[in-house]
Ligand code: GLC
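Before any questions on how it binds or moves, here is one chain, the form predicted on its own, in structure tokens.
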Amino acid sequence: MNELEKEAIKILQNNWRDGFSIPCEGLYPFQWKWDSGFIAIGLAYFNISKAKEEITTLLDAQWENGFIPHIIFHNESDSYFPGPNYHHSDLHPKASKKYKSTGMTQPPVTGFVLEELYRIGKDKKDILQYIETVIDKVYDNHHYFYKNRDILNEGLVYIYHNWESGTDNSPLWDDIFKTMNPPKYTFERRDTTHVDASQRPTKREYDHYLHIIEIAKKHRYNDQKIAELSPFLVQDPLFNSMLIKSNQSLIALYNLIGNNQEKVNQLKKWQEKSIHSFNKKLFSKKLGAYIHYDLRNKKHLEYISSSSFTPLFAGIPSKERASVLVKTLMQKFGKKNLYLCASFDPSNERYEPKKYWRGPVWINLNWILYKGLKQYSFENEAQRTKEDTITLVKKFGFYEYFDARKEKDKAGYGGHNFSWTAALIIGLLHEK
């Protein structure tokens, strides 16, 4: 085992709490949905029981309607805003009675995470028995999305808040925020006490974020009301790719378990509709990439981001379209002076290389990209993604995100000793 892997394991051990992992000390003191998925993948390489516990704890906070919240507040902490007393998940009649949480979700990665645990785990019988105890909860989560979030019945689900996308303050959302004029809220930020404010969303951006939550709270997190009234309503290629990839994994796992034909048939129906609509609606021939669709304002958001390439991971594009996608990736994001893969188009005027999701490289998106490129046999590009990712962490440390520009002497930003960075570096080091 090399030194980088030893360091990554140590970080995951230090960020472990009672039954779950925090993303990092100070800045993020709770359990986050998609973080937990990626963290479980890293844990599986050296402690499969903790990997299982991570997922069990996450699913234990599932609502009665199948919804899984994006933050679960396991402990009382005033070091994060907005916290449990702001979100009031108990407004929803089917919210968890056991845990306080948010009323938002995050990309549905849990399905493919279970398949990764099966792939990585040495005792296949044991891990499959474990998966059998939790897989229906993940299925119920997918059922929730298709029942409540697919308002046009086209197999594409919406997100109602930029935090649901996982790419919180992406320049993609600027055009939507221009259509809004929220009140100026009074609140005390906690993130900027841990991280330089210049790397974080602005106070005015937070006004927009809180305004969307206020609308959801006013209607007790009712999906139908949110679909009707939220000023932010988007079909996101990253979010839908994770759902489609997780559908695919659930089909494979249910087939291994056996006696679940009804659920497999339903998943296949969702898949067929979703992939068809995804390719028809979210691919831009002009840009040579998949892009977001703004349901509220009925228009495409014509920008390329790291999310544009995530459909490769879910096997969504044809081989021909995948080639177009990879050409766009390498022309825009793969220049010699850049590490792959910036979170936003480096040639666009909105690109900000040090500011959260407005430009920096994120290790989870690189891991997704690497896996997608491998799936379509783009071996050179996959290798470049893997090498760039490992180089960034070796050179600068286990940060939350990184400046993509190679000439920088300092490129690691956000939280330090970040869990999914550590977890997915372990994953990449084990990739042959």
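Everything numeric in this text was worked out from a predicted model, so none of it was measured. Residue indices: 1-based, along the sequence shown.
Below, we refer to the form predicted in complex with the ligand, which is not included among the displayed structures.
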Partner-facing stretch of 384 to 392, 369 to 377, 51 to 59, 34 to 42, counted where any non-hydrogen atom is within 4.5 angstroms of the ligand in the predicted complex:
34 to 42
Contact flag, G166 vs the ligand in the predicted complex, heavy atom cut 4.5 Å
yes
Applying a 4.5 Å heavy atom distance criterion, does F418 contact the ligand in the predicted complex?
yes
Spell out, yes or no, whether the shortest heavy atom distance between Y158 and the ligand in the predicted complex is within 4.5 Å.
no
Indicate whether the ligand has at least one heavy atom within 4.5 Å of a heavy atom of S249 in the predicted complex.
no
Answer key: of F313, Y339, W357, F145, within 4.5 Å of the ligand in the predicted complex (heavy atoms) is W357
In the predicted complex, the residue from S274, Q106, S89, T110 that sits within 4.5 Å of the ligand by heavy atoms
Q106
Output the sequence-ordered list of residues from 19 to 33 with at least one heavy atom within 4.5 Å of the ligand in the predicted complex.
P23, Y28, W32
